[in-house]
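Included below are structure tokens for two forms of one protein chain, each presented in isolation as structure 1 and structure 2.
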Structure 1
Amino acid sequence: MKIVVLKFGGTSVGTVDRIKKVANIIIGYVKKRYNVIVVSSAMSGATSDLVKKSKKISNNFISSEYDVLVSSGEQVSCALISGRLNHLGYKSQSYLGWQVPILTEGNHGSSRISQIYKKKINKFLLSGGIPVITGFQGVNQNNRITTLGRGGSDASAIMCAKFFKAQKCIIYTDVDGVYTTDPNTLKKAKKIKVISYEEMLEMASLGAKVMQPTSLQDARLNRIDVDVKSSFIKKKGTLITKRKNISSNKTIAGLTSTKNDAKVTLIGVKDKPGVAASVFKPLSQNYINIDMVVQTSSGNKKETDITFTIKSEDLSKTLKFIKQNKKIKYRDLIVNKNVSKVSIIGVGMITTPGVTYRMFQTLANKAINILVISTSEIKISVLIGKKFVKKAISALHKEFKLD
């Protein structure tokens, strides 16, 4: 079988008219003699509406029921796609995660696919059918419905490509590929023809919503080439593949920014071993992810300041745990919610000296103050005031010759 996995995102199936267009795209592949496996997200806005409802019911909504609730949007979109294909004379059937079944591991709300049983789907494909599988959901060992984290249909598609040994995995979305930065934020952003798993993973983790970060880990681990394309216009998209397949002389592949970071500073904590661990222990025990951290060295060797960033949604919990923490003493606690992390990403920076300096100088030229810095081999991130983000992205895009 010559299998292709086609994944459609929320906007691509956002209205009945768009679903009709999606059915035509699918038929295009059938006519090219592909066996098509469709994976679909919920209609745009559907999942967020369900999340909002759960919050109105309880601010501590039980996670197993949360998954039953928020995965339900995919049932609607998949039935509509399948219904349209049937209407046009093609044999098609929708499959919920548990019907395949798609087995997952890990916590509710952030599960990972561990196994996809192929028997039923293969039989249906061989009979000439087009299976339309719900993205974002699976089932765990206790036979309970699970979800893969927001944007998780990307992971469903990539894991289908792995288990069914697909020749292609195409992510259809509302932009015609991966751009040097969010094209809806910077008009000068340019489409990237091909990008490595590593760079795309960093971009996604640092704010490029176009792909879900964990799905890229799955793609990289299993060496699945992924095509990102528009479901609205017929154009060549972006190929996400291994570094070996890419010859590029660009230092920086792309830029990202985040929208929902918060900065917390503890002023005047004791400068002695174990203090930082005491600050972060209760946070880690409660699954609060710490992102950037700086500790300023103290002039008098007695006191120091610790600054860190977290997701804004974790802020109130974080403050509660810090205030309850009897193991630490501090003089003041400062919170800033109007911050954003801007990052430059590129494997080219490994071999190009001076990238850090260029980034800092570009921001200095625009009078943008850097609050926190963090780096890895292929990215540099800075925390800046939210109101400077557009200016920073635009200046850095120009500095690294991406315009």
Structure 2
Amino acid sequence: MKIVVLKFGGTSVGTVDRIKKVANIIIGYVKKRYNVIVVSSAMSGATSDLVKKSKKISNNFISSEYDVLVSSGEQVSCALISGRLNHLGYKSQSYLGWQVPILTEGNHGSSRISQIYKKKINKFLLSGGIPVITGFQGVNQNNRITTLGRGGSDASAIMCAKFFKAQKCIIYTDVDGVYTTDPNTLKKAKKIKVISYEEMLEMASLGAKVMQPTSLQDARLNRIDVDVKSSFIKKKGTLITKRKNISSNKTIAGLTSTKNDAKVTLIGVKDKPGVAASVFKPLSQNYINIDMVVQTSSGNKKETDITFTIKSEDLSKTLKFIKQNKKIKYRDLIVNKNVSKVSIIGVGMITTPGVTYRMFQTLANKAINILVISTSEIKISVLIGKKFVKKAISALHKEFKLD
């Protein structure tokens, strides 16, 4: 069978009129002789509304029931899509995760798909049917409904493409592809035609909101090509694929920036083995994600300063845990909430010397001071003052010929 998996995000199925448009997109692939598997998110706002209801019921809503609750949004959208397809004369049926079944492992709220049973869906496809499968959910070994966390519907689509050996996996959303940077920040941002898994993974983890990092990791590990398109306009999207499929002379693929970072600096910490572990252990135990870290030693080699960044919403908790921590002593604690991280990403920097210098010199030319630096094989991130983000993005976009 020539199978295509089509995934529709919350905005794509946000209203009845949009669901009618989605049905027409699906029919377009049927007319091209594809066997279509549809995966849908809940209608935009539906899941958030269910989360609000759970909080009104309890501050500590039991996780297994939380998954039952928040997964119900997908049931509505899938039934509406299937209903519309049947109305137009196409055989269709909605399937909840447990009906397929889609088996998952891990905790409620953050499970991962381990197995998808194909028999029912294949039989329905062979009969000419269009299965519409709920994204974001599955069932565990205890026969309880589970959810896959943020971006879960993308993960559902990618794993369906893997298990059903689909020729294509297409993610329909409210944007027409991946851009060199956020078009809302820079009007000169350009759509990227093809990008590697690694570059897209870095961009997503650094703030690009097209897809969630966990879903991209699933695509990369299983070598599933993903096409990102808009459900609102007919335009070519962005193909996310492996490096060897890409022929490009671009050193840098794109730029990202963040809006909700905070910088914390501990001054005068005793310089001895295990001090950094003592600082970060309680933060780790309380699920506070540490991003950029810099440790500098003083001239007398007896003290060190430790600087790190976190999300702004975690700042009050972080400060509380540091002040309660009896295992560390420091002379001062400095906090800066007016910071943002700007990153350049590209596999081309692996073989291109001078990228670091060009980035730093470009920022210097604009009188932008760098507070913290973090690097990987295909990424350079710098922490700068929040007010300089637009100026930095514009200058770097031009420097690396992305305009």
Ligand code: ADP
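Definition used throughout: the rigid core is the maximal C-alpha set that superposes within 1.5 Å between two forms. On a predicted model such as this, the values are computed, not experimentally measured, just so you know. Counting starts at 1 with the first residue of structure 1 and goes up one by one along its sequence.
Form assignment for the chain places structure 1 as the one matching the criterion, namely the form predicted together with the named molecule. Remark: with the core as the superposition reference, the CA shift of residue 271 between structures 1 and 2 reaches 2 Å or more. Shown in the overlay between structures 1 and 2, fitted on the rigid core, is a CA shift at residue 342 of 2 Å or greater. In the core-superposed comparison between structures 1 and 2, the C-alpha atom of residue 184 has shifted by at least 2 angstroms. Once the two forms are overlaid on the core, residue 315 shows a Cα shift of 4.6 Å between structures 1 and 2. Relative to the superposed core, residue 351 has its Cα moved 2.5 Å between structures 1 and 2.
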